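Okay, so here's just one chain, in structure tokens, the form predicted on its own.
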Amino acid sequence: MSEDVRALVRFYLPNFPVRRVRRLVTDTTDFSSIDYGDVVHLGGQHYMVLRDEAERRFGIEDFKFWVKRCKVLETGESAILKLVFHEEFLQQLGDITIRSYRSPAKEARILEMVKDDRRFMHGFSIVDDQGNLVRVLDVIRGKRFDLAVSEMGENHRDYFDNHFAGALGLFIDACEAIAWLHSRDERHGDIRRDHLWLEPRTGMLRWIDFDYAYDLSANPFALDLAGLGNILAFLVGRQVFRPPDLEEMGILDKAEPGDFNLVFRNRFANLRKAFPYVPEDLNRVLMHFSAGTEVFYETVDEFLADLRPCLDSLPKGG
């Protein structure tokens, strides 16, 4: 450990335990070795690593060892360093197999594109001493939108009558952000409900995580659209409904294979069967993302053209 690093931390972070200061890092290639107490030097700034970021999915804490929560020594601000991690996998969209992969360059490109657009997370990219393209991200002070929605209303009817229209309006704004991205020939690449955050200060929704890319030339925006459909189904239901949930509600015998989601075949899409007060026009939009659909949306504009009028038929209580 360098005494220079100790002195730097002692000067900028006097309350940080000096015995926990580790080393100065200028090559982030081996991201898994970078840990609490390391100081990453990038572009003249020093980033004290505090922890690995994690996502909670399916009830499990999923640590992302290539994403570091940091404190910028020179400014005292929090920041997230997203280090280069290459990953590739296949996923299914109906009968189509799609190759997906992480692309730091794509995320860096989008960060530059959306730097003045608060509908997206903000940050910038910089290369370390070994040419690794590191993304330096602002921390969004907010809450996952799906978690905020799940707390709305005392029960589904109360939520639907008094909160859903507002949530849908915010979601439509977020969809327009994705349409804007597509109009510039970019794709989000990993649209999931935990990648959409509600920022209380502005009341806006903001998209995060743009580093996934995928190969799909026939319908280039299909995966993004499928992600939007999944989020919409969550918003309508206030949760994801799977066969055990339907059984508990006493409607499993009414469910047909075509009523389930096109991508996630155990997620119920035909929510009007569960909640008859879901308007037909809204349920028709949901069914475009079901295994039984024969008509697919090809653009977000097509999706929004059907979704926006649904606001008119919703209760506006609350």
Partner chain sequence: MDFKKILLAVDASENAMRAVEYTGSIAGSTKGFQVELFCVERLPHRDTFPDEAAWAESCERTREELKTFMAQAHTRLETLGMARESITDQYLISCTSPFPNETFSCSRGTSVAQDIMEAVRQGGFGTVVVGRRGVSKAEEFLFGSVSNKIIHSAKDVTVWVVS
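In this text, all values refer to a predicted model and were calculated from it rather than measured experimentally. Numbering follows the first chain given and starts at 1.
Here the subject shifts to the form predicted together with its partner chain, a form of this protein not shown in this document.
> So which stretch, 179-187, 116-124, 243-251, 160-168, is the one near its partner chain in the predicted complex (non-hydrogen atoms, 4.5 Å)?
Heavy atoms within 4.5 Å of its partner chain in the predicted complex occur in 179-187.
> Can all three of I191, F303 and D312 be found with a heavy atom no more than 4.5 Å from its partner chain in the predicted complex?
Checking in the predicted complex: none of I191, F303 and D312 is within 4.5 Å of its partner chain.
> Exactly one residue in S150, S78, N219, N132 has a non-hydrogen atom within 4.5 Å of its partner chain in the predicted complex; which is it?
Among S150, S78, N219, N132, a heavy atom within 4.5 Å of its partner chain in the predicted complex occurs only for N219.
> Quick check on this chain: which one of R144, R109, H156, K71 has a heavy atom within 4.5 Å of its partner chain in the predicted complex?
Answer to the contact question: R109.
> Applying a 4.5 Å heavy atom distance criterion, does L93 contact its partner chain in the predicted complex?
Flag for L93 set to yes.
> Is there any non-hydrogen atom of A54 lying within 4.5 Å of its partner chain in the predicted complex?
Output for A54 is no: heavy atoms all beyond 4.5 Å of its partner chain.
> Against its partner chain in the predicted complex, would W66 count as a contact residue? Criterion: heavy atoms within 4.5 Å.
No, W66 sits far enough from its partner chain in the predicted complex that none of its heavy atoms falls within 4.5 Å.
> Give a yes or no for R201: in the predicted complex, does one of its heavy atoms lie within 4.5 Å of a heavy atom belonging to its partner chain?
No, R201 is distant from the partner.
> Can you tell me which bits of 278-316 touch its partner chain in the predicted complex, meaning any heavy atom within 4.5 Å?
Contacts from 278-316: F289, A291, G292, T293, E294, F296, Y297, E298.
> Based on a C-alpha change of 3 angstroms or more, tell me if R242 and D95 lie closer or farther in the predicted complex than in the shown form.
Closer, not farther.
> Classify the change in Cα distance between Q91 and F296 in the predicted complex as closer or farther, relative to the shown form (magnitude of 3 Å or more).
They are farther apart; the C-alpha distance rises by 3 Å or more in the predicted complex.
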